[in-house]
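This document opens with one chain alone, in structure tokens, the form predicted alone.
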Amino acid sequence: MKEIFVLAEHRKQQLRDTTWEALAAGRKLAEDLGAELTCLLLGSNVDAMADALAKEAPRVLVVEDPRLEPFHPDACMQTLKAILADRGPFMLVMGNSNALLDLAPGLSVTLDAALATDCFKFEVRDGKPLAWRQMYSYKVNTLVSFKDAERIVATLRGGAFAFTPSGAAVATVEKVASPLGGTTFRRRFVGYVEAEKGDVDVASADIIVSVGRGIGDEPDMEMFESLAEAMGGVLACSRPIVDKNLLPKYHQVGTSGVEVKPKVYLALGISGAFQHVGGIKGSPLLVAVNKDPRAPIFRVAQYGIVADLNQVVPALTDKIKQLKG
């Protein structure tokens, strides 16, 4: 690979976390492959974002066009095609977000490039990049090779690549004329539909106490809320708890709920289905309490307790309060 490209994702003039995570992956790939690293920034009025990227990437390539803001997959695809069509060999990495889901496959066809989606790790063997990803509902880890492909497009699992800001780069910011011209698109951006928000922001919490089906049909929710409060965290849940109307939807962690990236995740009565575990990003300290010793959650937890929640939770709450004085 001669070049590693990172596509910056932004919304409402703010760079998203997926951008920095992709940049972290791109840095490591560029280092291991001895390739040049370039961050691609497409949008309108992007100077502030370009300056932020210039502190972390050795090169930033900017294309400004009103049709690129807000994000439009067709406009973005045509722009990237114009930039990358005559380049190679290269690897393009980007987030696996909802906004970019249809961009990566389309680009792989348009650019005749190999494609790997939802990658959680990369490695280099014999000077060639390989990707780790999961299949069969997160049950199997697979190592993917790209044969002799000279162009590769890869999307990254959210939270899998930790970004450490350095602020040391002095990037060259290069502006490229928009290739869109008078192009019109079949699709148009209508607007953002914001997710329901409540008084708890589970997505940004450092400590999460999460409850699942194992707490029973008529649980003492105050008991779990007291534990979360004692730990200085927030209360979250798996889907069955929302289905029973015990907690609002915005408390739900999982692939169909909120993706979280806490430092500590305490799973109470949660079996550990892939739909739930898939929403826990990064590498938190995961502690599981469940009566079933064969619960899948114990496969991913660093610490596990096989016991009755009604005995463990009050004892843990009292102990934490005691230690806090």
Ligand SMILES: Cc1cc2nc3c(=O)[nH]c(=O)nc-3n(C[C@H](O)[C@H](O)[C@H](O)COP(=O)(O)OP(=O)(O)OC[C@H]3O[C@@H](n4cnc5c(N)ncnc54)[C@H](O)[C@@H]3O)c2cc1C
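Numbering starts at 1 and runs along the sequence shown. Here, rigid core means the biggest group of C-alpha atoms that superpose within 1.5 Å across both forms. Fair warning: this is a prediction, and the values are worked out from it, not measured in the lab.
Below: the form predicted in complex with the ligand, not depicted.
- This chain is drawn without the ligand; in the predicted bound form, the residue among 78, 252, 108, 178 with a heavy atom within 4.5 Å of it is 252.
- Contact with the ligand in the predicted bound form, defined as a heavy atom within 4.5 Å, holds for exactly one of 28, 291, 263, 55, namely 291.
- Look at 282 to 290, 47 to 55, 65 to 73, 30 to 38: in the predicted bound form, residues with non-hydrogen atoms within 4.5 angstroms of the ligand sit in 282 to 290.
- Taking non-hydrogen atoms only, residue 101 approaches the ligand to within 4.5 angstroms in the predicted bound form.
- Contact between residue 240 and the ligand in the predicted bound form is found at the 4.5 Å heavy atom cutoff.
- Not displayed here, the ligand is kept clear of residue 43 by more than 4.5 Å at the level of heavy atoms in the predicted bound form.
- The ligand in the predicted bound form comes within 4.5 Å of no heavy atom belonging to residue 15.
- Looking at the ligand in the predicted bound form, residues 23, 95 and 158 place no heavy atom within 4.5 Å of it.
- Residues from 301 to 325 that approach the ligand in the predicted bound form with a non-hydrogen atom closer than or equal to 4.5 Å are 307, 308, 309, 310, in the order they occur in the chain.
- Relative to the superposed core, residue 97 shifts its CA atom by less than 2 Å between the shown form and the other one.
- In this overlay on the rigid core, residue 240 has a C-alpha that sits 2 Å or more away from its partner position between the shown form and the other one.
- In a rigid-core overlay of the protein, residue 256 has its C-alpha displaced by at least 2 Å between the shown form and the other one.
- Relative to what is shown, residue 161 and residue 280 are farther apart in the predicted bound form; their C-alpha atoms differ in spacing by at least 3 Å.
- Relative to this form, the distance between the C-alpha atoms of residue 160 and residue 265 is increased by at least 3 angstroms in the predicted bound form.
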